[in-house]
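Heads up, the chain below is alone and in the form predicted on its own; it's given as structure tokens.
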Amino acid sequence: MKNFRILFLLIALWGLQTALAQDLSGVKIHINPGHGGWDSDDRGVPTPLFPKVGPNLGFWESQSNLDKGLQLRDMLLALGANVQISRTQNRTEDDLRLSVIVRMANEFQADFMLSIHSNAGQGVANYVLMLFAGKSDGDTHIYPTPTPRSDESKAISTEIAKNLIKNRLNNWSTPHYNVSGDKTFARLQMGWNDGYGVLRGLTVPGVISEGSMHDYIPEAYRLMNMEYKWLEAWNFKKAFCTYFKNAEIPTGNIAGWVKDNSLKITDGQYIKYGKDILLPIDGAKVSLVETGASYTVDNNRNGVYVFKDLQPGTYTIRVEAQGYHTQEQSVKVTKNEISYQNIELVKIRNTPPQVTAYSPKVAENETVECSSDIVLDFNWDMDEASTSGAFSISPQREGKITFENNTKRLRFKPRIPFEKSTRYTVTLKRTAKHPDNMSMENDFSFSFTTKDRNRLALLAGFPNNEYKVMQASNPAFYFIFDGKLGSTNMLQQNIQVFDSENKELEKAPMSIRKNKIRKGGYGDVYFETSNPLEAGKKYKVVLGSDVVDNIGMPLVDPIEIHFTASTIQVNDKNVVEDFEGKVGFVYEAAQSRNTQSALSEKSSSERLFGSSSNMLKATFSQQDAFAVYKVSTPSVSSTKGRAFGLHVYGDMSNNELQLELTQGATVKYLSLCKLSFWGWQFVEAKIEEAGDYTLSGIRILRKEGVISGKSTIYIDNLLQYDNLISSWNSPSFEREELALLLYPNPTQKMVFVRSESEEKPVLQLYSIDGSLLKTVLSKEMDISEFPSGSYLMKIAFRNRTFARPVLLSK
């Protein structure tokens, strides 16, 4: 009898608890489904599944909020609550002004006002945010509009947040919820002075619930599932039952997702946390064995399933999907809770794996780029360990194996490019398996031969081995390669400038230009630093080994070039031409050779002094060419031992800039510089031969160079003075005929020296960083043993020494 009374008492208590849980009578809830109308006030999120969104197409926050709100309304009405909802349709006309929504809640005298939303965080975050009507703890700021029931708002909002954060279908980027006062949050995060409009002026407790972040794409897919939205509504209901009635919901729910245990989502590069990377199985059937209830997963790439309002107890879930092994799981349902059970199905793989495609795949007589990856495609997703172990290449080459396309593709990327003109054989042994432990039936192999280029070569650049001084006030860098360059982002990361303390200098993003050379297949990059350099300080530019061209050919060997920042301008010498009046030099076609077009004019865009400089421009039609620009009225005279100095904005053409001097009827040319630099430099030359001279013009003499076919330079402040300022230039007079020629240039193997002297010179080949590579006593040198790139050839006769750049392009 005693046991019977105890049982009766327990049944009565359970009935009382059930009654409490089912009774929200007297509680007034205002529901505001945020936004509305699929319009500009709404937020539609394009996804790989729905690249274009529109009414009833893809994810829209307005529809998601409304679905949650309507389901919550029905739940609360079933519990006897008094419910007001601000809209029941997704139309623009139902998207009420925020002040109207506030007035509705106040006039309704709601016990709580719930504004349902989801958040956005640039696709990289996903967390729970509750913005309750009021101020966060510790905020002493005075706001224009008071929130009289802030403590209640915070308490109810915290109860909601505790429920939402338990969601195990989701992957939170942070495991903690954020409950903040809307006034504080809006002021600190948004720069607003009086909180959010949908809470501003509330005289009842309220919150903006940002239940998750819908621009995290896996969450957008889940929010297109009605039952997933039902779960959020159920969590709101649970919070109200707890807060207003201190009651529990007597039933529980089962929820989870169904995904492939190894295949991954491959559409799009969006962020995926945790198991969100796994491929949901659309159309999977989930059943409860005990009740016979079933659920079919939708086709919105979320894998979600839900079973609602179940009596507490243990249930068996059976999951079936075409092409997968059936799986059963035991789940315990607890009252007042959601029991989460995520299912990973194993694919049925009932045939051996085999290679279905491969690359590089070429004919016997064809060759492939040395930078090529080796790619194998399979009919099944593969076991990574056994497949990696079965892969080999002969001759052996170091590299990295990765798997793509849900492990149905193997990619081998060599650590450095393959050797030139080499035959390689790739083998995959039959020990390669798929996850069902079935091996290939036979070994697989193929062969290919590489081309004769396996490095990206730097052909020219500034700063360089000849010009190691850069203008401090406007530092400009320019480099030319033997192939079109890859992405700008790659260049940003792999070409760096450092100061003497090894601190990287920031590049000006808008200054970066690449691949502006249109002919010859060359690639180039130009950039400036965001801030000026400090004159007199030493710097270095590093071209990293991962600088690549547009076929993926890397530089391989990093290049480091040291230089010094300078003011460039020379102000303490006599100025004989400032280029401020009329044009200092005028193009003279009759005295030029093989010049297609030329121009001389004042320029205010590039100048060092005053308001203008003199621009000189020429386009050459042949290699043997020069452009002459004459002084209108020659008036500057000079003699042996005197020096000329000139400020020149170079163009990297490698052409030679010369001053034309006349001595009676004799014309001689004084070499000022090679135009193998970019930006402003100060160059000078000293007259070594006896006699009286008159400055009659200036000449651009075409030399061998990647872009020597055109020249555009600027000159400013021509000076004359005694003795050279520096010893960096050792110029000499040259007759109109070329006294010395290094050819062919570029070359694939041999370089030859042509000169009027019968003497054999000493030829010394230097790398771009100044290292001596080879020396011969001859008028020729074989340089084919070195990689493609830019070099410096020093040509030393008994009484004179020359230096010429050499471009080796194999």
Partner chain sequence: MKHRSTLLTTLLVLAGLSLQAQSISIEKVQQPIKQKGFYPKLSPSGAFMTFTSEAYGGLSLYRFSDNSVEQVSTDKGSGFDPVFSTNEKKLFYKQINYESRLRKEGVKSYDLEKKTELEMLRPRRNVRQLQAYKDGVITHAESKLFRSSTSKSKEAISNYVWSDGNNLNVFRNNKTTAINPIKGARGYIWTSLSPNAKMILFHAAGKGSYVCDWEGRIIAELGDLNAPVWYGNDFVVGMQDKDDGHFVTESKILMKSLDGKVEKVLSPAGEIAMYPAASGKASKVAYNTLAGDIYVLDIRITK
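Because the structure is a prediction, the values reported are computed rather than measured. Residue numbers count along the first chain shown, from 1.
The form predicted together with the partner chain is left out here; the points below concern that form.
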When the contact criterion is heavy atoms within 4.5 Å, does residue 49 count as touching the partner chain in the predicted bound form?
no
Any non-hydrogen atom of residue 558 within 4.5 angstroms of the partner chain in the predicted bound form:
no
According to a 4.5 angstroms non-hydrogen atom cut-off, is residue 273 in contact with the partner chain in the predicted bound form?
no
Classify residue 617 as contacting or not contacting the partner chain in the predicted bound form by the rule of any non-hydrogen atom within 4.5 angstroms, answering yes or no.
no
In the predicted bound form, does each of 104, 111 and 192 have a heavy atom within 4.5 Å of the partner chain?
yes
Of these, 444, 403, 324, 243, which has a heavy atom no more than 4.5 Å from the partner chain in the predicted bound form?
243
Exactly one of 699, 434, 87, 237 has a non-hydrogen atom within 4.5 Å of the partner chain in the predicted bound form; which residue is it?
87
Segment assignment from 171-179, 315-323, 371-379, 199-207: heavy atom within 4.5 Å of the partner chain in the predicted bound form
199-207
Residues of 88-104 having any heavy atom within 4.5 Å of the partner chain in the predicted bound form, listed in sequence order:
88, 93, 96, 97, 98, 99, 100, 103, 104
